[in-house]
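The data below hold one chain only, encoded as structure tokens and taken in the form predicted alone.
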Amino acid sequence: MADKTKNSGNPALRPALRKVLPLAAALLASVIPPAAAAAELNIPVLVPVTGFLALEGTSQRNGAVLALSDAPAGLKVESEVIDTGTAPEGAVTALERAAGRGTPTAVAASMLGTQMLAMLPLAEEYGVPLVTVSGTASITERGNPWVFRFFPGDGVTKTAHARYAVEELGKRRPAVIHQTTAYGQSGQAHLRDAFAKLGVEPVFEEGVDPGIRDMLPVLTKAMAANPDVLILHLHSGPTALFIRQAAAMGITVPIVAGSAMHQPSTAALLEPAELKGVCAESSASPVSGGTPELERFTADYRATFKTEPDAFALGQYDGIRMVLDAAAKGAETPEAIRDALAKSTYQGLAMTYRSDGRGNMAHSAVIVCYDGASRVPAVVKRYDTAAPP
């Protein structure tokens, strides 16, 4: 049989080939679609990594960065980290800077309540979803459809905080020491309500500035009220300082702290013996172990950042992963991301997330406690509130 491929060199056949080849190419194009271009997302990370919230803010940043480092196939993600400091105007400037380079698809937004409150009007003006782990209750109480909180708000965590002290420890005379920031004031108000529902009235309440370097005065006043439990709602540094000075004074009254105390970075500031009997509320405790997926996250976090993850990192990771999951399913604009976060359910590593209609995505809290021999706490109690249907 003659080799037909040689006929392609026959001059007589060239006009026919010129007619047939374009038709064949068109037919193939109709059957085999061109490769889809990767969807391009812009997700800046605008969080405090300096100032009194540096420990918590760094964890938040790390969680967002880790989530963005492994985007689903078909997504191209651009991101930059901008330090917001701790002043409200720092967060506003950071959001304006990010938006000046093109409207972000979504933003990993500051966990500091005063900064979130300052960013909300701009988020609505620009039409940008803010994904945060701020615990300040009021950020989701202003009817802003662009904010999504992936850490349980004070209505959840402070209820768990008070219930554990009263129902599990059997205490009826709490002394409440809180921060004077918006975060601290929100926590104090919710603690007061939670204790009132349990038929308990604090014997002492006082706010302290996050810059205070000596807790002895407030400790002395609190103990003069004869409390049977010390309830803390402070940032990381002040929490460690309070517990260290309480241990130095030989105070044996149980301490149930806020979420800052669950952080490995806070525990690292204290000796294990100083932590004996100290408990804290949180949304999760990655270092305490759990599911294989959570343990993989913890291992990846350690390998990437050479430090231990906490619930702030995990919540921000889960929040950004929900954004990426929505984008992978076709939500590529800020409006589409907002709608997906508002209407979808997402199984994260810490919990199942679903909006309550106001942007509160997280509806569970845990209590962790230290045994005095290790800086790794054990999860001793979980509280689940009813998630929206």
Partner chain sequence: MRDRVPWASSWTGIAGGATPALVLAGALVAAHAVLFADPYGLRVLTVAGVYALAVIGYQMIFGKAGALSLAQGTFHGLGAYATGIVGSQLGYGFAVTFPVSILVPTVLALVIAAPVLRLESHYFALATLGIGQVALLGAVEWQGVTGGSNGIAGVAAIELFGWRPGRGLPLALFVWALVAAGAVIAWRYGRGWRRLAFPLMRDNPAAARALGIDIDRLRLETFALSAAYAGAAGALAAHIQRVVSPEVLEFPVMVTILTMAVIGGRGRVGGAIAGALLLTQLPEWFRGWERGYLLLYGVVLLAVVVAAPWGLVGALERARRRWLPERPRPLPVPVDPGPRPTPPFRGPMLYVAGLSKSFGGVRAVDGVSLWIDRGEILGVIGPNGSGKTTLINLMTSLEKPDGGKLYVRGVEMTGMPTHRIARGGVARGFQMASLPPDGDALDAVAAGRAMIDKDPSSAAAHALHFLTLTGAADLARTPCSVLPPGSRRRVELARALARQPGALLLDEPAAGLTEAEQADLAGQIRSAAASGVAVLIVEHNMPFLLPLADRIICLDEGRIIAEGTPDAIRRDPAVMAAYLGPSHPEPAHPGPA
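Predicted model only: the values in this text are computed from it and were never measured. Positions refer to the first chain, counted from 1.
From this point on, the text means the form predicted together with the partner chain, which you will not see here.
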Next item on the list: Could you tell me which one of V49, A328, L349, A340 places a heavy atom within 4.5 Å of the partner chain in the model of the complex?
Entry: V49
Note to self: Give me the residue from V253, I212, L270, L117 that has a heavy atom within 4.5 Å of the partner chain in the model of the complex.
What the structure shows: L117
Next item on the list: Go through 182 to 190, 236 to 244, 293 to 301, 253 to 261 and give me the stretch that gets within 4.5 Å of the partner chain in the model of the complex, heavy atoms only.
Entry: 182 to 190
Check: Closest heavy atom of P88 to the partner chain in the model of the complex, within 4.5 Å or not?
Finding: yes
Next item on the list: State yes or no: in the model of the complex, is some non-hydrogen atom of T93 no more than 4.5 angstroms from a non-hydrogen atom of the partner chain?
Entry: yes
Check: Closest heavy atom of T58 to the partner chain in the model of the complex, within 4.5 Å or not?
Finding: yes
Next item on the list: Tell me, yes or no, whether E167 is in contact with the partner chain in the model of the complex, where a contact means a heavy atom of each within 4.5 Å.
Entry: no
Notebook entry, point to check: Taking the partner chain in the model of the complex, which residues of 108 to 125 have any heavy atom within 4.5 Å of it?
Noted result: L112, T114, L117, A118, P121, L122, E125
